[in-house]
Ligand code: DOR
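Take a look at this single chain, the form predicted on its own, given in structure tokens.
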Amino acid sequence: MGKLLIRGGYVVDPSQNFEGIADILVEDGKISKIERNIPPTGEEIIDACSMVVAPAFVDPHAHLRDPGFTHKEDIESGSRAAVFGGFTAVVSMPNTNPETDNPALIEYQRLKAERVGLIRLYPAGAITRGREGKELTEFGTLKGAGAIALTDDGTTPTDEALLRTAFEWAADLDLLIEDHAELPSLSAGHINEGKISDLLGIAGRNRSAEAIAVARDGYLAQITGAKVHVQHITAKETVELLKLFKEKGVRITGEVNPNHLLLTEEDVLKYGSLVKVNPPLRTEGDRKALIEALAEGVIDCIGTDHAPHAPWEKDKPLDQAPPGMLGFQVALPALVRLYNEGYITLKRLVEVLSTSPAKILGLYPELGTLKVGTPADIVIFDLKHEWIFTEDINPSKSTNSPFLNQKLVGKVFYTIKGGEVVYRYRG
């Protein structure tokens, strides 16, 4: 593996509390130097002048649809979409067909990603067999096959005794539980329960479904010592609970998706089923609470919830279309918007996309850092670059995003994994 010199970029590394102009020398797939004016010695040179150089992004929550739903996405196309967005490490959700509830499917996903070679894929195994909430999977064998976390994402187990046992087993194995915290009995609708659902005459999903599930998860984590990560937080009440449990010393973390930072239930009137997601888009008050919590550290990181669907699946009425939208491609522009509006610092932008999720997943200090001697997983992006997210440049198989054909600000120019450039923006 050759050498790579990244010159003149504005380096941001929250893990070392470092910001400033510097060069980075990569040798044998690892970072060997970070200092000013490193002399070139024949290696490939990337001119990063006027761009940000940071640890590559880490996504704790994405759907690659492989196996079983490869008309929407597969590991190869999903990997291309990930590096397009600056991600080199991705946790894949188990709501595939069949569900990722056994070691063979963990191995399948991991080995296929290795063959593609673009990202580091970390499969999540299901908590229960078939994600049916009735019988626990074999946590130890899933971990042995390479599962980094456990989740029934798309739903949550509703048998609290079973869930307590799951938390106890996970604590013993030091496995992270990622929970889709939303009780099915209170979330049978299609969009947020409120003025828009009333206006459209469509069943809504009650916000209490999320808060009650998080309260349950927090207390179970407190009594079992399990590590729990709350997926796709949407409501201000959930933020309050998360803060409460953290103050109590509970091992609980949380993520927010880009769509919930940029959109509200009002956007359903404009985009229809294209912005149907679970949990749903909430109110403007919730959106502002999420932004504040992310800035303050109550919410720990970004999880894209990248959820591709074929056009013919999303082109249906709200009560028939599946939930979800693309996430990899718009995560950075979403955070750049918050940065430009003064809500977050540049350091926090990098932290929530890289260092923080790496720590939550136990991937730090290998990933989420630019420390000398660590794998050279690096992203280089331009905070000011304006671009149009068109179908021509979209690496995903699917196009379900309200941001398609719109101008976005903030673009990844290079994604580097283990010292190898796996994505270049060619404009």
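Everything numeric in this text was worked out from a predicted model, so none of it was measured. Sequential numbering from 1, following the sequence displayed.
The discussion below concerns the form predicted in complex with the ligand, not included here.
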Non-hydrogen atoms within 4.5 angstroms of the ligand in the model of the complex: do 86, 120 and 377 all have one? no
Any non-hydrogen atom of residue 153 within 4.5 angstroms of the ligand in the model of the complex: yes
Is residue 309 part of the interface with the ligand in the model of the complex - any heavy atom within 4.5 Å? yes
Answer yes if any heavy atom of residue 277 is within 4.5 Å of a heavy atom of the ligand in the model of the complex; otherwise answer no. yes
Mark residue 351 yes when one of its heavy atoms lies within 4.5 Å of a heavy atom of the ligand in the model of the complex, and no otherwise. no
Spot the stretch among 44-52, 24-32, 361-369, 61-69 with residues whose non-hydrogen atoms come within 4.5 Å of the ligand in the model of the complex. 61-69
Note: exactly one of 192, 355, 95, 224 sits with a heavy atom within 4.5 Å of the ligand in the model of the complex, namely 95
Only one of 323, 333, 218, 204 has a non-hydrogen atom within 4.5 angstroms of the ligand in the model of the complex; which is it? 323
